[in-house]
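Structure 1 and structure 2 below are the same protein chain in two forms, each given by itself as structure tokens.
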Structure 1
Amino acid sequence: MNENLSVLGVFSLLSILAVGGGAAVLPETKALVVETHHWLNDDQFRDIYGLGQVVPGPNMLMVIVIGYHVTGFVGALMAFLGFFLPAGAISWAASRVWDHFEGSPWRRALQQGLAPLVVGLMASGTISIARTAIDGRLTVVIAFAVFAGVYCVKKINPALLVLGGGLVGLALLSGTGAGMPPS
């Protein structure tokens, strides 16, 4: 099968499954990209997720980089279109008919029921990244520090904390071969 179409297909599926946003679809993204298709290994997935954290806008723009790894710039475009077009089209269509459901008690049930499901999926997303990203004492310290920073200090730009984590890694880990691909 043509790899470009394969990228388009995988990310289109993820797009439709992305109920609750990017973090909710993270475990499934990793399962498909790393385990099913072997496009990336664990460490590359973690690294690319990290790249998504340091740029503005939705973190899941990192799908562009995954596509780029598979088939270059065409793959990048396929991943982008696949991940954003189907969900975008659904939202567009739904917003035009949504007002008909104004006041339906089921709308409230839908929101209340989906809210904990989404939180569960976000927690699973955190776990899936943590399984490769938490490796050694320093990574635990960085994760706790950023957690405390984001959770306790309200007015702080999270991207700065993520970049700070990168600087700490650079300063303390660069001699150790941490994160190096096995050669």
Structure 2
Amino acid sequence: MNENLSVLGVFSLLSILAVGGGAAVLPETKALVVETHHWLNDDQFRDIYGLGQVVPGPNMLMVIVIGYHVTGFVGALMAFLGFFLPAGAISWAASRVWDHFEGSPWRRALQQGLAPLVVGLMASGTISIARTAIDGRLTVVIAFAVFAGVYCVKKINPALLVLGGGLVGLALLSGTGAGMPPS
């Protein structure tokens, strides 16, 4: 099958599965992109996800970068359309029906039932990225420090913690010469 159609198909499926947002499908995204189609390796996936976290806009714009990596501009367009159009159409249609059932016990029960599902899916996404990103003592310490900062200091911008963790990692790596290009 044409690689552009594969990109469209993969991200359309992920779009429909993304109950609770893009983070809910991170494990499946990684499985399809890294393990099934071999479009990226673990490090590339982690780096693209990290980039999606620090740039403005929805973090799942990372699908555009993945599509671009696979087949260039057309792949980026296919990934974008595949990931955002189906979910957008379903959300629009559901909102029309949802408003009709305002105040219904059925609607309240559905909301209460979906809440733990969404939390579980988001936790699964976090674990999937952590397995790729945490690969030694240093990254464990950085991860715990960032978690503690987010959990204990309620009014700190998480982007500052991510930046701080990156600077610590860079400083330690540059001090050992690891990851530095040969001179």
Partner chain sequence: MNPSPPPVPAAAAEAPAAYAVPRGVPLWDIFVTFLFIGAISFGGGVVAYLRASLVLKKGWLDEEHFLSALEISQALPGLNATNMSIIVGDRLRGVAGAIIAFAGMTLPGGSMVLALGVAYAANAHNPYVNAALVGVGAAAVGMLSAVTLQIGHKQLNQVLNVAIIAATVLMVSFLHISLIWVLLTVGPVAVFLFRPRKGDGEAAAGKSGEAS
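Computed from a predicted model, the values in this text were never measured in an experiment. Under this definition, the rigid core comprises the largest set of C-alpha atoms superposing within 1.5 Å between the forms. Here, a residue number simply tells you its place in the sequence of structure 1, counted from 1.
Asker: Which depiction, structure 1 or structure 2, is to be taken as the form predicted on its own?
Answerer: It is structure 2; that copy is the form predicted on its own.
Asker: Superposing on the rigid core, I want to see if residue 162 changes position between structures 1 and 2 - specifically a Cα shift of 2 Å or more.
Answerer: Comparing the forms between structures 1 and 2, which are aligned on their rigid core, residue 162 does shift its C-alpha by 2 Å or more.
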